[in-house]
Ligand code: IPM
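Below, in C-alpha cells: the form predicted on its own, a single chain.
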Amino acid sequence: MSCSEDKKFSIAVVAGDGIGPEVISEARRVAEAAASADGVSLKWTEYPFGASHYLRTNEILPDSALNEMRAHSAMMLGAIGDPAVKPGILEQGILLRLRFEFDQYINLRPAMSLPNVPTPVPLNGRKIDSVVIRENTEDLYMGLGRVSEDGRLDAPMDLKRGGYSLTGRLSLEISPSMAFAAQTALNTEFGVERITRHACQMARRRGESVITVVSKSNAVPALYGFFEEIARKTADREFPEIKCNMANVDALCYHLVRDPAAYGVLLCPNLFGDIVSDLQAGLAGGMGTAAGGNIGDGLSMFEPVHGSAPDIAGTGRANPIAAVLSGALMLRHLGLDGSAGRVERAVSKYLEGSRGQDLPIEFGGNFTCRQIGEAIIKNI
C-alpha cells in the first residue's frame, strides 16, 4: 500500500469485456476528479486482456504483463467474460490468476443502502450497511479439480500460494466404472488466521463488536468446522473485544432476506462469500451499485461485482456506480481517505438529488453510463 504523500500513483487497468470498458472509463474520470482535488495525480496503464484479445491472439495473460503490473500502486479491472469464449478460460486465466499471483487473499464486498435505489424487500426505515470479508485464495476455488471419463483418476495436486506450497496427488477409482468429477478444497490455518484478522480489524474500524462467520460445519465438518475453529481461536486470542458468532450459510441467507439490515461484518470462506455477497448486493438494490476489492500485501485489484453484460454493451444502459465505488475502495486502499470519501459523497448526492429521468436506466431513469459519470463528477 502506498502513502498519500507520494502525490502520484500508477494504476494498471484491464477494462475487460462487454460493459467493462464503459464503466471503467467513468470510474477513472471520477477517481481522477476526486484525487486532483487533493493534489494527487493518477497515471493509468492500460492492458488489452479479455475476450477480444484472446480471440484475436490466443493470448490470455502473459507472464511479462504480470511482471509489469507488479510495479503499479493498484489495479482496476472491468468485467471478464464473453459468450464467444468457453466459460472458465478467461475467468481462471485472468481473474483467478491475478488473485493468486498477487496473493489477494481478501475479497472485500460492501453492501449499503443508497438514496433512491429501490430494494426488493422493505427495510422499514432501516439501512443496509454490511461488508462481506471473503477469503479469496482457498476453499473450492483453488483449481484442484479433474474430470475422469473412465472411472479412474490420478492427478497431481500442486500449487503455490503467498504463504505456502502444496504438493501431492489425488488417486481415485470408482466401481462400477463411470465418468465422475472431483474437486479438492483446502482451508489452512495460515489462510483462515489472516482473513479473520482482517475481518476483526474491519469490525473495529466500523465501531462494531461482532463478526459473523458464515460456514456450513454441520454438513462439511472437516473443511468448514476447521474454518470456524481457527476463526474463533484467532478472534479470541488477538481481538478479545470482538465476539465471533457462527451462522450456517443457508440459515444466514434466510435471515438476510427477512432482515437485510441486521448484519455488519460477515466473514466467509471463498465459495460462500461469493454467494452471500451477491445476495447482499441484490438486497441493497442490485449489482449496479456493488463494489469490490481484491486486496493483499502486494498489488491489490478493484472491480465491480457485476458481470460483463454483453447484451447491453455499447448501448449506454450500463450503470457505472459499482465501478465508481470500486474506485473509491481503491483510493482508500492507497491511503487517500479524503478522495475516497469525496467519491462516496458525490454518488450519494447524485442519487439523492435524482428523480425520474436522471436516474440510471437500471433504476427506472434514462441517464446513460456517460451521463451518470458526469453527474457524479459535478457533485465532487
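Being a predicted model, the structure only gives us computed values, none of them experimental. The first residue of the sequence shown is number 1, and the count goes up from there.
What comes next is about the form predicted in complex with the ligand, which does not appear here.
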query: Output flag, E91, R134 and Y141 jointly within 4.5 Å of the ligand in the predicted complex, heavy atom basis; finding: yes
query: In the predicted complex, the one of D274, E101, D259, E189 near the ligand [non-hydrogen atom within 4.5 angstroms]; finding: D274
query: Proximity to the ligand in the predicted complex, single hit among L153, V249, V220, L96 (heavy atom within 4.5 Å); finding: L96
query: K216, heavy atom within 4.5 angstroms of the ligand in the predicted complex; finding: no
query: 4.5 Å heavy atom contact, R194 and the ligand in the predicted complex; finding: no
